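Next up: the same protein chain in two forms, each one alone, written as structure tokens (structure 1, then structure 2).
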Structure 1
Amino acid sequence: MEPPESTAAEKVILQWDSTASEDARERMIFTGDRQEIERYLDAVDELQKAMSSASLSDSSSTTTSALQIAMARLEDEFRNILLSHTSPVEDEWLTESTQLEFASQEFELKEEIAESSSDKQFEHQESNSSSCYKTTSSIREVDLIPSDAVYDLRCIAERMIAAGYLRECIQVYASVRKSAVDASLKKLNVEKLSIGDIQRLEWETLETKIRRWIRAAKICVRVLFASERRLCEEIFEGLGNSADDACFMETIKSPAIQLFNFAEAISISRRSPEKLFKILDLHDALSDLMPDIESVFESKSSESIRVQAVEILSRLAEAARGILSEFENAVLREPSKVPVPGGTIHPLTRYVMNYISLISDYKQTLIELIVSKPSTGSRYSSDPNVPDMDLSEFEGQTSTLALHLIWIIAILQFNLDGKSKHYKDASLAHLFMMNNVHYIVQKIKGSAELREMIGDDYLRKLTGKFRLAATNYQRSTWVRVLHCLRDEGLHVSGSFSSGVSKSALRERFKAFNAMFEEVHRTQATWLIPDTQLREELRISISEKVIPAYRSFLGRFRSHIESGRHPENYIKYSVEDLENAVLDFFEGYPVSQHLRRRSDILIETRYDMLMADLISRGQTSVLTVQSSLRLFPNASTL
């Protein structure tokens, strides 16, 4: 019955039938002699040739059965080759790439700074090892399996597919590769966290995980998945039925979903302002990866992965937008009512301005994401809780993002205005506004990005605003004090030579002393944290008070000194007042009362103060002298 010409081939096959002999079960063909491999493959080819040349009914049952034995054998060989090249190779290249990307403790410490540069390193790294290939600028494919083994795998795949064993081939391939990919994900610290787990974690913990995820995702997409894709192509390309694609998807689908699950969970977590920047990091990383994701998952069958990545990206964008508007609302509604002691910078101002500076660091992304204009007062025109502001004057010249920043600053001021009303002392309220708006201006000037976005027009408005606050402060404190030094009401009508009412004059001096002492006592505890601003305001005060006092003293001193106890009325020299002004806005109570000429102790303290002043802000003293005045209008009190 058996056609004699196929017996030789059949013999080879039967010799390796693992169901028949112990030896055939224990040994593998492809781990052995090359000649034996060739002999076996040739035998399979011969059987297949015999099968195809004969019609179905013709082909002998022994040939068919030998071919089936061969296929079972080849499946085992195929699996065995795959299995023997899973961990070691993957170990080698994974550590290779991880050395760059993360790893050492030292790196962990420096990562904040090093992160961006190391990313670049990674992207621009030259493939110095022979097993690195670069198809696009960022994809770096490595050899997961050495080329001779790949060749063997392809030889087997070819024959299995030709004999109609495609599904087995895919199944074996995917099962083995999948566990290899799974092991790699584990190495890359891609954790198996459920969405529920992630919602429960502290944000700080998640920040670390996000950083780690970004690095892992880059390696996964650009190295791991890309290399898997290439391996599939090397083994299965051109063998029909888009086997390469099927193998790739079977291998990678679940790991890819697992990887993206983390980003997805973050994208749907509850929004709060502190999350913005890490969400933007995640968004940027994913957005950077998109071209690579599209190229690695370009086939129709991997569409779902592409779609998921796009969905996550748009959800992250939505989250960023949501957080920004949430932030705006939080700034507007921030409810603390307890006035900051000394009228210094409110923590809200610092927080908001630091936040805005960070926003400007992310401006490239945010300019793309923030497309709708802020919902300003116009929409809520009837709402007294929202500032009434028309942003249209800025619209033409700047981005929507910048409009949001201007709007945030406006609502910050609006909120601060509200807070300033809680100061009992109107002067302190003005000082508080001056300090805070000045701080806002300084922050904007301190960042080139921010300054460019806010623009000179709005900056000028802000500068005007704190100058006005300074003027208002001076008016509300000093008009009253200077009022004591006016001439009106001192001259007694009818007399011509010494027509000055002594009692009125004495009252004036007493009133002035009391007021100045009171102002000195309270306002020394007030605080202007910015040295230059402090200097300038003091100078501005001196410029008003000192000349007025000097001239008042010059005109009326004799009237007092001619009377009894002149020291009760002329308590202070001009120098005393000049020195006293130096105590203003330092933020601590003066230890003693206003200094007098005779008080040596205080003289010493004055020297110390001057020394301190010079050491702290020599430049500011100089700038003051060079008349770069912040308050040109202050003299028009």
Structure 2
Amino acid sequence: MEPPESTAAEKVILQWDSTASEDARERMIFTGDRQEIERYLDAVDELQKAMSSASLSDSSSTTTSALQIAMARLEDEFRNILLSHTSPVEDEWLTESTQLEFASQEFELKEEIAESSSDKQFEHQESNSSSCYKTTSSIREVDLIPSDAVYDLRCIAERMIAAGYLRECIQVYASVRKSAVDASLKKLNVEKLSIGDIQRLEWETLETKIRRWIRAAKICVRVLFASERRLCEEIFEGLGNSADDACFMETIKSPAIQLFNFAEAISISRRSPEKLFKILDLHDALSDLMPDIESVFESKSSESIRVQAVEILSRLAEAARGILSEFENAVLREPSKVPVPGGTIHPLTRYVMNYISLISDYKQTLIELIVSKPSTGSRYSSDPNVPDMDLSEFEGQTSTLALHLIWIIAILQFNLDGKSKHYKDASLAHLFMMNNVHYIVQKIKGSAELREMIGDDYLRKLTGKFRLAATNYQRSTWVRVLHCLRDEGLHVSGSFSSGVSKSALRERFKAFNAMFEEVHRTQATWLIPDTQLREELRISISEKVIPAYRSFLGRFRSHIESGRHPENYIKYSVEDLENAVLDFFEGYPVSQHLRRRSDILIETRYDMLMADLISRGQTSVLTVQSSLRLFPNASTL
């Protein structure tokens, strides 16, 4: 005969049978009186005790039926408790990913500063939050469900698992919690995109998504997934068959794959130079998260998530190495052959130097990733399209990354040298090389990180190259002009004073005037954007031309002035030439005749305007061009 206690337990269970009672369908046990909750749980325990003490054949059908009814009821109660206390992670935990979106790339520096500030604010919020349970490294676990509700869920889970309903318990838990995780991911802007969908997006769109993903990944791993793991442990730990691990993976696996698929898609996407820095951002973020990923997904059942993260990190590193190699090749092979007007800085030079300046900002990461030396030297010694450069003199003194940067600068110069040959005027070709190598030197000097990696030895070599180009320019332009001011060929037999051939002297003045006017007309349209370099070259020209002209004029002026129409031969005073030199390398045309004193006021105003623009850092060709519209005789390039 069945024990009385079991009969009483069955009555309690049947009282809450929702299939038999309207009142039981409308009410939930665990929202009511605590005494009623304990009475129902005790009844379930009594049924389970009766079932375990009797053989299967001895168990009454009523006891078995009552226990099944109890499990169905507990499953409903379990689901209701979860639904009642499940919501996306609070907004305060998502501030890192939502408050730093800017509309334009030009605010990137401000964004980095703001993001750093946000990180500090985020950490402050986490460390001072009353809902923070524990801190392990950078992991911040929060209470997703109130502790009293967690206690009830564990009470139910213990009894369902003891009765053999582990699978049903996990399915209910995972279905509810996964919806909450999905909602949190949506708030973090983690979209449900396939790898193919991601790879079809434009890179400009992906750049924004990468920034969002980095912030979202931090929250997901350190807060969301870590808190879900802790909740599973609180409810299921110790209940057998690694129930907590199974429940965690059932809840998290799909959202985690959704999260990491984005980084995986980027890691295997088509490589191009503009992607390097965002890939490095992804690599750094994921590398920083790896200890937390290993901690959160430490169990055997979650090994696949750890492995996926490690593989993505490896592919991102390989992508960075591949992009750097492809960038080197792109610089070497850049095909443009149209000379830039005025011999100014080539867009390739600006692009490459800005690019390697950014590379230096990622020095720490790239030093670890770039372990192979650039392919130079004997391998290419027979290829005329590749510079034959031996980097062995720099090995041992610098990192492998620095060798790559030196190599990039070397192939940039090699390409620029080829482009200089498209100028028909040799002087302009030398000026072009001077401008570009000088720009390279200034960019290196302007970055402490870049200068440290490049080293002073190579920097001195570069400085020597642009100074050599300046010397070659002066020789190419001014030797033939100064040749007109020599004494040879002007004297005839007799004394020095009376033996000057006036016809030869007139031709010499005419030749000088014509050559100087041509140089002045042409080279006023040439451009040296750097103010100091422009002034230095003008001074160097003046130091060569002005004393020679003054001396020549002093020796032979009287011979011309004593004849007819001296103004046709001595057209310019020393002061006129000094003023004329100030026109050189401004990048705009001047009158076909040299300026007289009446022009000086206008040009002085222009110089003042340019000085103001330069002082404000507005030294681009476009800025110069727009400023020229203020002057009636000036035109744009």
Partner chain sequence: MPATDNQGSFLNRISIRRNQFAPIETCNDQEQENLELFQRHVADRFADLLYIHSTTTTAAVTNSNSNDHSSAAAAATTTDSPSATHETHGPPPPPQLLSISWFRNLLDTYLCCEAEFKAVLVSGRDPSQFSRPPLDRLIPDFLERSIKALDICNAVTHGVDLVQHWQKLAQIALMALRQTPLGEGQVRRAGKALNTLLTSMVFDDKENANNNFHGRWTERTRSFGRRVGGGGGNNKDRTAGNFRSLSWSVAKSWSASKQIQNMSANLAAPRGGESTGLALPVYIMNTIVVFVMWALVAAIPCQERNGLATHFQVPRNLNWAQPIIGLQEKIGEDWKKKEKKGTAGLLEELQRMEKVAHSLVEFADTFVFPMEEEKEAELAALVAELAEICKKMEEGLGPLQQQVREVFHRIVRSRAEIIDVLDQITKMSAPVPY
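Just so we're clear, the structure is a prediction, and the values are computed from it rather than from any experiment. Residue numbering: structure 1 sequence, from 1. C-alpha atoms forming the largest set that superposes within 1.5 Å between two forms make up the rigid core.
Q) Which number, 1 or 2, marks the form predicted together with its partner chain? A) If we ask which form is the one predicted together with its partner chain, the answer is structure 1.
Q) Ser551: with the rigid core matched between structures 1 and 2, does its Cα shift 2 Å or more? A) Shift at Ser551: 2 Å or more after core fit.
Q | Tyr572 C-alpha moves between structures 1 and 2 by 2 Å or more, core aligned | A | Yes, because once the rigid core is superposed, the C-alpha of Tyr572 moves 2 Å or more between structures 1 and 2.
Q) Would the C-alpha of Ile210 be classed as shifted by 2 Å or more between structures 1 and 2 after rigid-core alignment? A) Ile210 C-alpha, core-superposed: shift of less than 2 Å.
Q) So, with the core fitted, how far does Ala514 move at its Cα between structures 1 and 2, in angstrom? A) So the C-alpha of Ala514 has moved 2.4 Å between structures 1 and 2.
Q: Keeping the rigid core fixed, work out how far the Cα of Gly563 travels between structures 1 and 2, to one decimal in Å.
A: Here Gly563 registers a C-alpha shift of 4.1 Å.
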